[in-house]
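In the block that follows, a single chain appears as structure tokens, in the form predicted alone.
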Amino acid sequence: MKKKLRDFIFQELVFVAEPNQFGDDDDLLEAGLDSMGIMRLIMYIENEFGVTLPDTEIEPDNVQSFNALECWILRHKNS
């Protein structure tokens, strides 16, 4: 899951010089993930992983890192 997220984010939404050096807890918002990017990311996640992520949960804590994204997706994967 994180590999797919990484590939999408670094190919489509955020430019970082060394994607391999970007850790799972590093801050995606500081790296340049903006509100439009977050919306594109949510659409990608919903299509790719078959989950619905509630609009009411779109907040920095859920999109700030790869680990946060994975936890958010997993919370809704079986609901």
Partner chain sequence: MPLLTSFDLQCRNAPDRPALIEGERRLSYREVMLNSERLAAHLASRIEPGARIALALDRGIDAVIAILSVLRCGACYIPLDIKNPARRLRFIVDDAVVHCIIGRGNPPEWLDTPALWLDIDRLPESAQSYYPPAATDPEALAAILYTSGSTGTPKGVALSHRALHNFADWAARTFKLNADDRIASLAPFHFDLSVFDLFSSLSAGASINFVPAGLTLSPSRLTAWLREQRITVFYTVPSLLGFIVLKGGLTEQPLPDLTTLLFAGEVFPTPQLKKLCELLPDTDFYNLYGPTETNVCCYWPVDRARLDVDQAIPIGHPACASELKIDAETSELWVKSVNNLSGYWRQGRLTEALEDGGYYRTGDKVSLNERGEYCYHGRLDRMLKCSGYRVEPAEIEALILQCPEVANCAVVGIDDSASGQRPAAALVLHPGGQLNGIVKTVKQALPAYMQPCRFSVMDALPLLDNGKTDYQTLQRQLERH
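Positions refer to the first chain, counted from 1. Just so you know, these numbers come straight off a predicted model, no measurement behind them.
The same protein also has a form predicted together with its partner chain, omitted here; what follows describes it.
Contact between N47 and its partner chain in the model of the complex is not found at the 4.5 Å heavy atom cutoff. Looking at N20, you'd find every heavy atom of it more than 4.5 angstroms from its partner chain in the model of the complex. E12 belongs to the set of residues with a heavy atom inside 4.5 Å of its partner chain in the model of the complex. A residue is said to contact a partner when one of its heavy atoms sits within 4.5 Å of a partner heavy atom; D34 meets this definition for its partner chain in the model of the complex. Applying a 4.5 Å heavy atom cutoff to its partner chain in the model of the complex picks out L29, A31, D34, S35, M36, I38, M39, R40, I42, M43, E46 from 20-48, in order along the sequence.
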